[in-house]
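Before any questions on binding or motion, here is one chain by itself as structure tokens, the form predicted alone.
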Amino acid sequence: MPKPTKMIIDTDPGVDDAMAILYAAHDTSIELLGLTTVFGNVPVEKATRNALRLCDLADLEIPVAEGAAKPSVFAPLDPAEAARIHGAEGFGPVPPETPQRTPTEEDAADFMASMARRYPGEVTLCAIGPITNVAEALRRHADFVDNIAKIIFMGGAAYVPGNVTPYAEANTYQDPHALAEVLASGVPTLMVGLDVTMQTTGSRDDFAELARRHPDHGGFLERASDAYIGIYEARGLTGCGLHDPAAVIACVKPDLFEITQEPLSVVLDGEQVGRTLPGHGSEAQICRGVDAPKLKKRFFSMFG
């Protein structure tokens, strides 16, 4: 049996972040080394609280390191727009709770670098929020580029429209400068963007069945995703995109995806800011297709 993939999830929980983290807690092919938090779906302080709460819920005895509170260059976006999608506290209608666990003294960028240094060439970094912390780790630690095995990020839209503008996906839109640094770093990088994450959706019936089979984790996700799914239904879809779970699954089951190797860059200003442009820039891998039924089955079946 192959060894589990050592993984850090960089996250801004977030409804679909909760899906991804609870999935990772169940997948025995993942050895979760820790969570790092970043602004995005909620301010970073709430992201840290929510990450700790998910660790409480899943009984994950792992470090949680708080990271960036704002983008590398731009001013932070108005949190009201993210609150409309994920709720003011991040988990839709689920009220906030004070977690039992506490974050590490080490911040996100230093934690990433120290884990990569401890396990050189073994750690996969899965970034499912704005990629600001990853860029900061590259800036601070010269050895990070050689020690980290791979960076897989949920973000971008290579051949489909964006979801916050006609061109840009939310994570890349919030900090395109950080993504540009990551792409230029030379670290093997895989983009799991809207090209594939919108092909795999979870409906109300899917989450109701998940709650029936796993009342704790499935019940939490059913409650948290109620309004989130409603936003997708208002757009004529039958369920929400499994955005962040798809990125985590890509770390351990890349065979579920059609992956190409091609140059990739990101637009840093103007009307198309945040747009990911294949065919230009540094070499990267891009998910262009997915076996959506198999990915959906893996996600929902992992909870028992």
Ligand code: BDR
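Just count from 1 along the sequence shown to find any residue number. Every value quoted in this text rests on a predicted model; they were computed, and no experiment measured them.
Separately, the form predicted in complex with beta-D-ribofuranose (BDR) exists; it is not shown, and the next lines address it.
Does beta-D-ribofuranose (BDR) get within 4.5 angstroms of any non-hydrogen atom of Thr276 in the predicted bound form?
Thr276: no contact with beta-D-ribofuranose (BDR) in the predicted bound form.
Is there any non-hydrogen atom of Leu221 lying within 4.5 Å of beta-D-ribofuranose (BDR) in the predicted bound form?
Outside the cut-off, so no.
Ile128 within 4.5 Å of beta-D-ribofuranose (BDR) in the predicted bound form, heavy atoms
Ile128: contacts beta-D-ribofuranose (BDR) in the predicted bound form.
Quick check on Gln199: any heavy atom within 4.5 Å of beta-D-ribofuranose (BDR) in the predicted bound form?
Result no; Gln199 lies far from beta-D-ribofuranose (BDR) in the predicted bound form.
Can you pick the one in Ala109, Val123, Leu194, Val187 that has a heavy atom within 4.5 Å of beta-D-ribofuranose (BDR) in the predicted bound form?
Comparing distances to beta-D-ribofuranose (BDR) in the predicted bound form, the residue within 4.5 Å is Leu194.
Of the listed stretches (140-148, 162-170, 179-187, 111-119), which one has a non-hydrogen atom within 4.5 Å of beta-D-ribofuranose (BDR) in the predicted bound form?
It is the stretch 162-170.
Quick one: name the residues from 46-62 with any non-hydrogen atom within 4.5 angstroms of beta-D-ribofuranose (BDR) in the predicted bound form.
None of them.
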